[in-house]
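Given as structure tokens, the chain that follows is alone and in the form predicted on its own.
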């Protein structure tokens, strides 16, 4: 299987995340093999492929939640395992939003702030307002619609990325199907957040079933097609 490289031609000091010769097996099935990726500042790596091709598995490997069957992942040229800088510099939004149902929307954000050791009540309102769900501030998470919950998950991501200097900047966003269940207005909001993050020197690794050619992310995008270049699909 030919290795696939997804890179942008930027200076080496812009390199954030690298995956070398990654191989993933689930059960007796090879999802992908020989995958090489490089993610630089200002780059959106778009992972595409059919259901079951290994998109989420690759995301989890790249953010250290799972291990590859072979291959290595590096963060700023250092091994990912037990890398404190990587953990402090990365934000992950998966299929599950990770919200606490018994807490209100604003309490979920406040809990995130507490984890980061900061206290900024205005920032809570600002993030909810930016995602157009300030009116949901006092509603429990379990009372929110799916789309509202996704917006709240991104409000939490935004809050974390705007954290004070006490914490490291969330320079890398790893997003698993970020537009699923989101209406056209919500997608535009999230897309704008992503574009701003990239223009500020951040990086994104994301999965999405649809093309990004007509989106604001197009000029930042590199594409890795697991269906065409993976294992035994």
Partner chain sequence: MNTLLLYFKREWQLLFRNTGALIQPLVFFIIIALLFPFSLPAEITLLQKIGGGIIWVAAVLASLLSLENMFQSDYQDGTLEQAIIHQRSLEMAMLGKVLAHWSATGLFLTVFSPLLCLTFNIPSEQIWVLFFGLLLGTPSLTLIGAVGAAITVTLRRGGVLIAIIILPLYIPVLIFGAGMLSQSAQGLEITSQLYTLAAIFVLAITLAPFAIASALRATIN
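Residue numbers count along the first chain shown, from 1. The structure presented is a predicted model; accordingly, all values stated were derived computationally and were not measured.
There is another form of this protein, the form predicted together with its partner chain, and it is not shown here; the text below is about that form.
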Q. Only one of 144, 134, 99, 73 has a non-hydrogen atom within 4.5 angstroms of its partner chain in the predicted bound form; which is it?
A. 99
Q: State yes only if every one of 129, 150 and 182 has a non-hydrogen atom within 4.5 Å of its partner chain in the predicted bound form; otherwise state no.
A: no
Q.
Taking its partner chain as it sits in the predicted bound form, is residue 91 near enough to touch it, meaning that at least one heavy atom pair lies within 4.5 angstroms?
A. yes
Q. Contact between residue 78 and its partner chain in the predicted bound form at 4.5 Å, heavy atoms?
A. no
Q: Check whether residue 65 has any heavy atom within 4.5 Å of a heavy atom of its partner chain in the predicted bound form, and answer yes or no.
A: yes
Q: Evaluate residue 60 for contact with its partner chain in the predicted bound form, applying a 4.5 angstroms cut-off between non-hydrogen atoms, and reply yes or no.
A: yes
Q. Which residues from 101 to 117 come close to its partner chain in the predicted bound form, meaning a heavy atom within 4.5 Å?
A. 102, 103, 104, 107, 111, 114, 115
